[in-house]
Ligand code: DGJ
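Have a look below at one chain only, the form predicted alone, in structure tokens format.
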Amino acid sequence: MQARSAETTDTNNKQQETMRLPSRRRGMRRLALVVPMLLVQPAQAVPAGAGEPALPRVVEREGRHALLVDGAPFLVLGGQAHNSSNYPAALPKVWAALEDAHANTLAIPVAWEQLEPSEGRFDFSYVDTLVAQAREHGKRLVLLWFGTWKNTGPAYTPEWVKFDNGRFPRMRDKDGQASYCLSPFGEATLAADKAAFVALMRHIRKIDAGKRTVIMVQVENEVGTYGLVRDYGARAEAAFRQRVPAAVLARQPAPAGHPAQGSWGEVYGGYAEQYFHSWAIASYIEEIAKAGRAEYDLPMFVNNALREPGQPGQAATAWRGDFASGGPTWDVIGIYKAAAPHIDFAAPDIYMPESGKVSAVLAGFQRPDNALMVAEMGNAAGYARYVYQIVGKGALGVVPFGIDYASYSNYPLGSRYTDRRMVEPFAQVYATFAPMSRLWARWAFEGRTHGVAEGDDRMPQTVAMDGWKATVSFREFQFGERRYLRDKSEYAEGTELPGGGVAIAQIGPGEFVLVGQRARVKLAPSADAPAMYARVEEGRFDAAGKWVMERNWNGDQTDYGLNLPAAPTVLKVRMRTYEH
């Protein structure tokens, strides 16, 4: 975590004590004592002093992470607006879609060009309107700073930056030709970007310190460079010949067969240019984040335009022009941690719809030293199932992109639709999680949650839990086994494409909360012991976190597992074993 003032540290220490929940190692017996309290108690704010709510922050315990908002874990059920929806006149179409989606958080750009149209003259009118309207609609905000880089390019910089290549230099290739991308070694560029960002953070503190509407800030957007592995300008060349900083070596050791210390080329060989570019951009971002947090200490993160995900035990390949070199890809998170300590985490943007790739991306970014949050995701219907997997893995949140009703579709990366047909698949899932989102965030921080999404292969999946396991299958009818069918190729209506998912929270010994749709779940002890359902209640959690039962499942509803229908459903399940 970043350095804090004595006053902030004291406040944070008090919050740490408040949030000190029993660890998994203390066992489910103690969890059983805690969970009933969680089910009836709403999340309470922890005072920061003088009636002011606690600053949002990202915390870590035993390799798990939580985003604290008003002193308690918060689950971001978000939507990101289109890049050009960051103007007051466009906001009504944003709020309408967010309301329909049952989202609790809006991620939306603040562009350098709109904040500082002429050097030194700042216009905060859009920010003021945005924050005021977010409060009116009961939404939290994640601000996306589109500064030096947005999708690697300078499109959102002011014109006085964009076209002054003498003062604000672009990267150079080996032949000295200018790239489209601004150089991370541009001293004037860094100074100007930092000044604008500091002004933004100062203004947010002024208008929002007592409300905490803004809960996080993304610094830059999808940084890196396409088509050029690094900057070959004079300042970059001089830096490339220097020794690799010790902090980087501690996080990103030399590949086998290379010296443990030396220049970038000596230590990293074929990876050197990508790693160097990652360090240069991360160091640039660090200067901006550090200065911004000195003004207003909100959590900050970076997002990543993905490269192909790695597989377990598979080393990353060297850059071959196939992704944005220098960005916080899964293979250089260590470099970003070393170079940018004021950035809390690196987050993936997922626009690869294949289930195997999604799982690999999540595994690559969820690390003991890096909180998982999906900063962007496709808004096509097929992505909705991944919310169960992402939330079940204990992520801070998930933010599909393009959740507004502007007449613009980013198909094929997302949905073809720009109306409620686009929002509806996510709305069903969000509406189910929304009343219990604070509870779920606490359970996730405790390490009690699990999640699966239906794979492209449609095959069953097994989830290992504390003393129990869950087998999740898909394309099932709600009654009977497939072997009973006369036509084995017959499937339930609406399952032509993968769309099932389940998130499971183990809230006590043999006690579970299941949230899901289009899936069959069978629970069994990990050991070879007979068990049966003691109670299976369908219902919901109300706004105070209290369980409200609708009915108890039994007989036909449980004889063949727990068959979650097409509409997202919440079950509270208690299992018991018995003697042979």
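Computed from a predicted structure; not experimentally measured. Throughout, we count residues from 1 along the sequence that is shown.
A second form of this protein, the form predicted in complex with the ligand, is not displayed here; the remarks below concern that form.
With a 4.5 Å cutoff on heavy atoms, Asn151 counts as touching the ligand in the predicted bound form. Mapping the unseen interface onto this chain, Asn221 counts among the residues with a heavy atom inside 4.5 Å of the ligand in the predicted bound form. In the predicted bound form, Gln366 stays away from the ligand, with no heavy atom inside 4.5 Å. The shortest heavy atom separation between Thr432 and the ligand in the predicted bound form exceeds 4.5 Å. In short, of 444 to 452, 268 to 276, 143 to 151, 478 to 486 it is 143 to 151 that has heavy atoms within 4.5 Å of the ligand in the predicted bound form.
Of the candidates Asp193, Asp349, Asp344, Asp404, Asp349 is the one whose heavy atoms come within 4.5 Å of the ligand in the predicted bound form; the others do not.
Checked against the ligand in the predicted bound form, the residues Asn83, Ser355, Thr418, Ser473 give one hit for a heavy atom within 4.5 Å, which is Asn83. Contacts between 362 to 385 and the ligand, taken as any heavy atom within 4.5 Å in the predicted bound form, involve only Glu376.
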